[in-house]
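The chain below stands alone and is given as structure tokens, in the form predicted on its own.
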Amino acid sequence: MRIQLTTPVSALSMVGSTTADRLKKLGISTVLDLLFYYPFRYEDLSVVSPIGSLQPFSTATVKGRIELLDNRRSWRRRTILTEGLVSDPSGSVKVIWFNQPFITKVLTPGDEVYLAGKVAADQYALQLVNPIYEKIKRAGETVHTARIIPIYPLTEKLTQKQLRWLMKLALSAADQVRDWLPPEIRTTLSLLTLPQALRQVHFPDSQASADAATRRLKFNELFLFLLQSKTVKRELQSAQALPVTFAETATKQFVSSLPFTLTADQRRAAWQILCDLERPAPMNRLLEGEVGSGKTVVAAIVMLNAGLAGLQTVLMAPTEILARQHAMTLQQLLAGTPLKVALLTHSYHQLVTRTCSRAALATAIRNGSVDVVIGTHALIQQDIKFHRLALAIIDEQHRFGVEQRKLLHQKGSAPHFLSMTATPIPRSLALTLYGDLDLSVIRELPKERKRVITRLIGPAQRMDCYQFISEQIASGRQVFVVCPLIDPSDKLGVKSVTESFEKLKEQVFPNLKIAKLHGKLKPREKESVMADFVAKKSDILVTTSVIEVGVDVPNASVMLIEDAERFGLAQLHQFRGRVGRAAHQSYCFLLTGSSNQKTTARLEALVTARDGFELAELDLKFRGPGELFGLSQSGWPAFRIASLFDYDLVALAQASAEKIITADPTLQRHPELRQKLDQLNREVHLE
């Protein structure tokens, strides 16, 4: 069978329905999906050592002939041992595998093999324990040993060997992948072709080859992201916006009625936005602010001015949870004003505090009975039309595709556009990425907010940490536990929500109410879990990073982060911002088993620093150029391999995108690039 890019993985050799289902969990359905599923790190097993030179407690790769191989049960008959003897001209070594009796059907005495693993020593001789094995078929054609091997993110019961074998098959179709990057850019920047990059990212000939492949694939993602942004910007530049007259008296009355005093940063940001709104040219501004810094009240001031001018505002949030929270907050803030606030998501249709049908709400929006509409992607559906939409606000704008933002723009006559984010990024990086946006920053936190006490916790202190959590819950507080993964994965060696939930529920806190939350749950299930936690129906919420941006839980006082080294500083700071939102003293515990000096220094920065913007700058210094798969990136565009902290590549991609769009605004001279952008835009619409 000739493998095509569209070939289903289920049609590949040795892939049954069960394996196909497991691959689907990783987003892999076709050969094309396989090719663009990247490793997150590599193991260098390329140096083959003579057996006679092996040293105890080292990791080694050897090439030899199997002399003996057999299965036997251990003396307690609970473990099946597969034992063998492998030799080369320099000597012999004992090999042992635990509970893998099938190996005797795969390997037989006389076979030439590569073995890679840890060298142990018993009282008699050296031995290789549970080594990776690979039968030698043709010289120089190894997949799992005697080379730099890729390590992929996995799901339960899927192995690295399975995925590497399938990837090797898929690479036979790599030349069918069309390279859409203009040759002049590829030549100028000395980038690999796309088929070359795919081959080398999966099975690199050397570390330099892996780096070159990674550089090309990262550049792809950054370049397309920036080109999309510039394309949409050009399309929107010629439009005319509805000016919003500053209602000075009403604004002063509103600010004085607030139960708190605005910070200087809040006042400055609100004034910058109000000045923009008075102009006929569409505003395009990014409002960055710490978690809990008060971006929502700034938005309320702006909404008030639009509403008093007879104009509408729409606020789009990435999740139903966040949309509902915004609706509740803004209904409270604007309760003393004539503005009517509505909530529209796929599950909720609400006018002020009254539930209504979707059709009734759509009519109210269309005839201007609603001043402020808050919602999710449901806002950009075709049946939702506005009366006089003047202001479009997107919260956590990086979580939306460029085309989704464009569709929101099209709901009015080029409405003013305000992006809000609680994800801090360095100013220099923000200006590079969003050079077309004006920037407002809120760094000050309200004076009444207590600093969250942050501690770095090692394995030996885990039980003390659990005891502290028990005391906090006994005093009426609640706890977040954040894990990097959903399902167990010993291959990654990090905690998952599933195993942490089971351990806490069965062993550590059997008498407490524990819930779990992750991205695989249906929206209604997520909503229910969070609603129960807010209502104090559960004491501990074990979750993935889905709570990075989410509903406020003022009663939560502890944030426990498992394998904290797997996250970036900015994202850890986001997690920490989920607690400390009330008068209670709150705590953030960073659990890590890493003894790496660089990792410890990076996490210690979070302990000492409070300002997320300062942390974002530090992240630029700490992050190494060889990091793959974005395991520590802070949640900006959903790149598979790139990170916005690849600063040098971002600058190159920015300059390249600007050069292309200036010389060829409609990309008529670059049809393959135009086709690639159109494909991305279609994928956005299907999300």
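Remember, predicted model here, so these are calculated numbers, not experimental data. The first residue of the shown sequence is 1; numbering continues from there.
The protein also exists as the form predicted together with adenosine-5'-diphosphate; that form is not presented, and the subsequent description refers to it.
Q: Scan Arg73, Lys252, Arg234, Arg449 and let me know which has any heavy atom within 4.5 Å of adenosine-5'-diphosphate in the model of the complex.
A: Only one option qualifies, and that one is Arg449.
Q: Ok, Arg566, His202, Arg602, Lys295: which has a heavy atom sitting within 4.5 Å of adenosine-5'-diphosphate in the model of the complex?
A: Selected option: Lys295.
Q: When the contact criterion is heavy atoms within 4.5 Å, does Leu262 count as touching adenosine-5'-diphosphate in the model of the complex?
A: Output for Leu262 is yes: heavy atoms within 4.5 Å of adenosine-5'-diphosphate.
Q: Using a 4.5 Å heavy atom cut-off, state whether Leu334 contacts adenosine-5'-diphosphate in the model of the complex.
A: No.
Q: Going by a heavy atom distance of 4.5 Å, is Gln266 a contact of adenosine-5'-diphosphate in the model of the complex?
A: Taking the distances in the model of the complex, the answer for Gln266 is yes, it comes within 4.5 Å of adenosine-5'-diphosphate.
Q: Is Glu290 one of the residues lying within 4.5 Å of adenosine-5'-diphosphate in the model of the complex, judged by heavy atom distances?
A: Contact with adenosine-5'-diphosphate, yes.
Q: Only one of 357-365, 295-303, 105-113, 178-186 has heavy atoms within 4.5 Å of adenosine-5'-diphosphate in the model of the complex; I'd like to know which.
A: It is 295-303 that comes within 4.5 Å of the partner.
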